[in-house]
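Below you will find one chain, with nothing else, as structure tokens; this is the form predicted alone, and questions on how it binds or moves follow later.
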């Protein structure tokens, strides 16, 4: 039997770089992966497992989850993977406006709360469920800005605050939901290759022990494991999938 056989699992942002790999890996392990994304036709059928959902809208989340539960009869897992952000997301710290800071926190951090609050309505009565939040190494350690030397790239200031908040909120929810047999964990990727500036790629790969940027396929198996019954005694954990970045 495959480790996610017939489990109904929601993946936000399943049309993105890491999201596509997570959806595919869940399917490969026998799960029913539902992609919740804004880059989907609003009239898409639930039978396609592609569902339009604006995760920044709590009412839209409530409506979406009701439809899913009515159609499939249960919700076994949730992966908070979506990564909405403003157009000025890449600005340097000195150029970040208060409005941009607040908007990105609102768009990225708040939906994690909305989504978990909604999904537990369906998990707690059944006394089963697994939630995986996608965080980052930069929610755990400070940034090494030398990897950006020779480029115009940077790491957005709000990113560290948002991802650090998600990691600690994961621990809060794991503690809160433990009595209900609902597990909540994090996966924190390191740098992921996405056709970045070759100078950045070389700088980063020089610093990471495994000497390469990660691929989406490095992240998705960790997510599938934490969703599975094989991780049945793991909750409140932040699994670092970073090529050894945080080990040195």
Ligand SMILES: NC(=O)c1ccc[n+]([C@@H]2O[C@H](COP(=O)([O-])OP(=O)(O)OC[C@H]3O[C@@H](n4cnc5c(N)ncnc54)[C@H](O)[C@@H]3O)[C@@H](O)[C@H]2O)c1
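Numbering follows the first chain given and starts at 1. Nothing here was measured: the structure is a model prediction, and the numbers come from that model.
What comes next is about the form predicted in complex with this ligand, which does not appear here.
- None of 186-194, 23-31, 41-49, 66-74 except one has non-hydrogen atoms within 4.5 angstroms of this ligand in the predicted bound form; the exception is 186-194.
- The listed set 56, 181, 207, 215 contains one residue whose heavy atoms approach this ligand in the predicted bound form to within 4.5 Å, identified as 56.
- Checked against this ligand in the predicted bound form, the candidates 176, 113, 101, 83 yield a single residue with a heavy atom inside 4.5 Å, and that residue is 83.
- Of the heavy atoms in residue 134, some are within 4.5 Å of this ligand in the predicted bound form.
- For the chain shown alone, residue 234 is not a contact residue for this ligand in the predicted bound form, no non-hydrogen atom being within 4.5 angstroms.
- When this ligand is considered in the predicted bound form, residue 36 lines it closely, a heavy atom lying within 4.5 Å.
- Proximity of residue 159 to this ligand in the predicted bound form: non-hydrogen atoms within 4.5 Å are present.
- Taking this ligand as positioned in the predicted bound form, the residues of 6-25 that bring a heavy atom within 4.5 Å of it are, in sequence order, 13, 15, 16, 17, 18, 19.
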